[in-house]
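Only one chain is shown below, in structure tokens, and it's the form predicted alone.
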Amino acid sequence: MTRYSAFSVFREGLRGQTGWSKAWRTPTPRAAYDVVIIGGGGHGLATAYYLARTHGVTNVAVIEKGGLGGGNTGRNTTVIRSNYFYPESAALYDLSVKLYETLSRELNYNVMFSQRGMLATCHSEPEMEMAARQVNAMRLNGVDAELLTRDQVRKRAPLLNFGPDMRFPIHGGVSQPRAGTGRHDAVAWGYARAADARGVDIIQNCEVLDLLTEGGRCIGVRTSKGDIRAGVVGAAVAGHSSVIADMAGVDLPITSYALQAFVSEPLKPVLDTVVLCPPFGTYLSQSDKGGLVIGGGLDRVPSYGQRGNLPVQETVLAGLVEMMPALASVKLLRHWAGIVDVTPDSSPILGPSGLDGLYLNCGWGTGGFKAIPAGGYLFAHLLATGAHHEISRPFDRARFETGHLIDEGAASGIAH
């Protein structure tokens, strides 16, 4: 790792930060590529990396409207977990956890994956019964899970409200020990650097204006930097997936919502796990810098706006204060929103778009960050071979026609 002196930092500040060594190139787009990926967030960059590493496809361009990781990848609460109910979802998200476990070493870049575990509380005897079923299902699916008693929850997260005035008394909980958090921008930067090192062109500040079609097939993209032809095009643009689909004349079963989050002032260590209290729809963890990273449910007004609002802020923070009254006086530093693309069954869409030559990686809803490695790995397989990996096959768009839905609304948190 390059080290810089205090004088170097001062000098670069005076000349506009233009002299630092670059982690990846800034190429001029070529006229044609084997693969063009729309979207320079985590999924797009991971796809490019696995295309090059796993499939030997290096004539690839990643096209990003703004800067890398400036969309949902940089606007989330960084939770990584695979505690899903259905076998199809468990296979997908646990593949991602497994890839995250070795990602820093593979990319030679610290993505700061901290497996501090995740705890979801239960607040009634019926919830404990359903939690026992969830734990059994997770174990049958090969995912680690533990059913905790009230005392075990208290020991794991003593800041939680166990007082007699708790509106929803805690009866126990479900823990996934291998879950945790990662550094969102480090994931994007790590994949970008590794993809660039294998010859992938990463083109920033380049807006896709339209798709190029010929004979009923997508043959490239029209961009603010000119037309770029491609053997195959993949779109990984999260909340703006429906915009790209409209260019293709495809009607996607997706609605985009704002998902808001908060970061507090730095505190001494008070929480060493991720905690979710489902009745409030509020969850939080503590970052390595000490700030509390707080999230909640969707703002149910469809929007492309990356901004928060006061009604949702009140709902989320009221839940936090009832969960952990000791945090009531903590000050917030930032409040923002990411744009999530939600499908009717709260599961992603991976596969052909309906326009030949165009493939989609979308519909992740609240699960996009945690799924970056698996989403990239599986999407790369689709783009390189034209066929599904066995893990991605159940998530084809055709499931909305056949009725084979994978309803993960509860596990995704969207149901709250």
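This structure is a prediction, so every number in the text was calculated from the model and none was measured. In this text, residue numbers run from 1 along the sequence as written.
A second form of this protein, the form predicted together with a small molecule, is not displayed here; the remarks below concern that form.
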| query | finding |
| --- | --- |
| In the predicted complex, the one of T121, T77, T282, Q286 near the small molecule [non-hydrogen atom within 4.5 angstroms] | T77 |
| Contact assignment for the small molecule in the predicted complex, among V174, V208, A230, L252, heavy atom within 4.5 Å | V208 |
| The small molecule contact at H388 in the predicted complex, heavy atom, 4.5 Å | no |
| In the predicted complex, F369 touching the small molecule (heavy atom, 4.5 Å) | yes |
| Non-hydrogen atom contact I63 with the small molecule in the predicted complex at 4.5 angstroms | yes |
| is_contact(T343, the small molecule) in the predicted complex, heavy atom dist at most 4.5 Å | no |
| Listed range touching the small molecule, judged in the predicted complex by heavy atoms within 4.5 Å, from 145-153, 162-170, 68-76, 307-315 | 68-76 |
